[in-house]
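The chain below stands alone and is given in structure tokens; this is the form predicted alone.
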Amino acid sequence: MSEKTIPYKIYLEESEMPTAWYNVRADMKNKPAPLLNPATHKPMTAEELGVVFCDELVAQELDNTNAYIPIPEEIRNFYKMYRPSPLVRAYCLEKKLGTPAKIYYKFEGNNTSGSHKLNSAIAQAYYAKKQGLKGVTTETGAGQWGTALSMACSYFDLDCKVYMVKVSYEQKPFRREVMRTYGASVTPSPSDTTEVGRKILAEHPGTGGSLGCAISEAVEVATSKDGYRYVLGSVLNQVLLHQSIIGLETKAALDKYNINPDIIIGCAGGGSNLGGLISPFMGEKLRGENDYRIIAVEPKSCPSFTRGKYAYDFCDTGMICPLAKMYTLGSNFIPSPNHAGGLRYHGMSSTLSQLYDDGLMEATSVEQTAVFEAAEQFARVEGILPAPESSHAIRVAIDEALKCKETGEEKTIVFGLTGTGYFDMVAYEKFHNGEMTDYIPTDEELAASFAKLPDVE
């Protein structure tokens, strides 16, 4: 097909939206290691997980067999408000860079929450309502997940309690107000409202918090209140499953115009958007049907893949959650208060960690100022102000396109634009004022955190 016949934005018809999520674990030869009970170090049973999570979500979490899991009609009907989302050819960016590379981005910001997080939030809220629960608790970093979940809970008339990482709570007050508009209660974490929060404050006075801290508080509240369960916006298998709709749509749009990507890039914090974007492409790679270069991009301030240990670790700072085998910096590690709040998690999805350890994908880390340089460059030519998290993928997509300029290779690059940055203006202000810094943890800091990893054989 001639390049001129490829539209600027590739839209799928509503009828082409996936009717089932894709479970990449079904095609993995080496399955992700199971979650372990922190007391016994034995694999968590469905009954044990059911104390924390909704029953249907537990079944999805443990399912390593079924490649496709049907999307309930009520969730599909909700998706129709903003899905299928557009796959955009970045012609203006290509021209600005002077690259022979073709650059596409899957834009997930066309909904009120402003990010991909709504894809899983509506699913988890649906299953909570179906189970007859009163409400759910959760954590949020930059606020995208909390915003999405509050919107989803409002839709199903569920109570929503959000523990927001304190530094993001202070940096992004308007994101907080969107959550409150949808009826959620929002508490800065760590707080003095929970036992684990008070313990963390005593050990780390003045801390800006972390996703691990906020998870601990949310889980404590969920397990101590009747009719509540905890829901998570990333990391878990169930979340990557729901987010696979991103990759399924991306692949369908590319196939529609006979486009085969060479490089697929996504930012990586806990793994939700990256896992969702790459899942059907990784499935082809696992089955030997095609090959792709897949790149995870993380901040140098929180480099789980690139400097972490592949080991069992707690998913939360308070050490009350199950143990997961993942690339981790240690649950005790509290990242610097960088502005990509959604990427400030100490560990990485067990599924992605296994794929990375098997050499099926690669990872790189980038500095914050370089990320915002790419974000500004993208905004000026493509007309979208990207979220700081998404801008990590933009940074590496630009770098790869410039390599093509040097070599003359006409590679096709696809990256995930996970959301918009209109609630991140404090970060942009600091960048423009020259006040943004690049903090990189020392080997000594990481070693101190690694020394506290649980002893699991």
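Every value quoted in this text rests on a predicted model; they were computed, and no experiment measured them. When you see a residue number, it is the position in the sequence shown, counting from 1.
FYI, the form predicted together with a further copy of the same chain isn't displayed, but the following is about it.
For the candidate set 284, 177, 195, 357, a heavy atom within 4.5 Å of a further copy of the same chain in the model of the complex is found for exactly one residue, namely 177. Proximity to a further copy of the same chain in the model of the complex, defined as a heavy atom within 4.5 Å, singles out one entry of 154, 131, 185, 306, which is 154. Using a 4.5 Å cutoff between non-hydrogen atoms, residue 68 does not count as a contact of a further copy of the same chain in the model of the complex. At a distance threshold of 4.5 angstroms between non-hydrogen atoms, residue 83 is in contact with a further copy of the same chain in the model of the complex. Although the partner is absent here, residue 380 lies within 4.5 Å of a further copy of the same chain in the model of the complex, judged by heavy atoms. Taking the partner from the other structure, a further copy of the same chain in the model of the complex has no heavy atom within 4.5 Å of any heavy atom of residue 410. Here the chain stands alone, but in the model of the complex its contact with a further copy of the same chain, taken as any heavy atom within 4.5 Å, falls in 427-435 among 45-53, 427-435, 397-405, 24-32. Shown here without its partner, the chain carries 9, 14 and 111, all of which come within 4.5 Å of a further copy of the same chain in the model of the complex through at least one heavy atom. Shown without its partner, the chain has 92 as the single residue in segment 86-102 with a non-hydrogen atom within 4.5 angstroms of a further copy of the same chain in the model of the complex.
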